[in-house]
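Only one chain is shown below, in structure tokens, and it's the form predicted alone.
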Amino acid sequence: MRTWKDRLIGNLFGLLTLATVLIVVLIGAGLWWKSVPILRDQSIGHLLFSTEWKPFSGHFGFLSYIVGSILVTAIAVGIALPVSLLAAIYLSEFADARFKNIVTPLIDLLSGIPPIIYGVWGVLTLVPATGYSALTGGIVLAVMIFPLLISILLDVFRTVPQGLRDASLSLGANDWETARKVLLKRSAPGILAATILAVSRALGETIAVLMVCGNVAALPHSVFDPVYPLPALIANNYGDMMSIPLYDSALMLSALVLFGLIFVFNALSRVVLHRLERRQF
């Protein structure tokens, strides 16, 4: 009887796990199915590499939206990674327990703030200085991914054996030299995986970038130009697509492109983390 119950519970948990995986597959399949009409009408190369976005004329070029998403994400990660790395090193290697107990909950609190609050903060404090631009969107996204990066980096640093730190200190290295030559070197794959996850998080953000990036469908020439990331395109236009032929299919294709980018970045991070775990054990 006990064995039968254990087997039943195990199978139930397995089915639930499989159902969660199937949701991802169904989302991808649904987006592909809705994208088929536009792919039959126009080539994927023209859709991805054209900047002409005129839905009423049947032109759906995604290049400016893809470039806008990548530019804002690159700015966000470029700002957030060094700051988060230094903060995680300090909390892991230098800060005392009392300081950690005060700061860590505040960092966790940042991850719980709704994205629209970050958007409002960006409009009120950053837009007057930098305008509606890729830079403003990047700064807002950087603040949003700080908690994710710091949390993952702290977990990565905990996997570094204390014996390696002690060996470095016993050979005459100071704390900073130990952090730089032992901690960072040993944690390099984990830092890379954390960065990839942060990129995925920034790519998929919608509300905050919609509020501060300006939403102009044109290729930016500098970080101070307005951009129109893919999530903002979908959120802004989904309600208007029914009256224009192929508009809904074009928006679903843009969602599929975004879904594919995030899927690839998450898969890369899992591969890196798996290799890190294999090296640890």
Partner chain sequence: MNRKRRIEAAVFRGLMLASLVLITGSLAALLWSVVSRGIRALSWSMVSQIPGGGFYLGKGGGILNAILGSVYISLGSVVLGLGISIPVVLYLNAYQTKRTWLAGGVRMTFDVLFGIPSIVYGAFGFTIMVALGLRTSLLAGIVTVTLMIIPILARAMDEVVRLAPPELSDATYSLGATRWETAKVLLKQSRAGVLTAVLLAFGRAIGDAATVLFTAGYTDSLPGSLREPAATLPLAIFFQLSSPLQAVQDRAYAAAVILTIIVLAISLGSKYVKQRL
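Take the two forms, find the largest set of C-alpha atoms that superpose within 1.5 Å, and that set is the rigid core. Positions refer to the first chain, counted from 1. Source: prediction; values computed, not measured.
In what follows, reference is made to the form predicted together with its partner chain, a form of this protein that is not presented.
Taking the partner from the other structure, its partner chain in the predicted bound form has a heavy atom within 4.5 Å of a heavy atom of residue 30. In the predicted bound form, its partner chain lies farther than 4.5 Å from every heavy atom of residue 97. None of the heavy atoms of residue 38 is located within 4.5 Å of its partner chain in the predicted bound form.
When contacts are judged by a 4.5 Å heavy atom cut-off, residue 216 does not count as touching its partner chain in the predicted bound form.
Considering its partner chain in the predicted bound form, the lone stretch of 156-164, 108-116, 70-78, 188-196 in range is 108-116 [heavy atom distance within 4.5 Å]. The candidate spot formed by 47, 55 and 66 lies out of contact with its partner chain in the predicted bound form, as no residue has a heavy atom within 4.5 Å of it.
Along 167-181, a non-hydrogen atom within 4.5 Å of its partner chain in the predicted bound form is carried by 172, 173, 174, 175, 176, 177, 180, in order along the sequence.
In a rigid-core overlay of the protein, residue 16 has its C-alpha displaced by at least 2 Å between this form and the one not shown.
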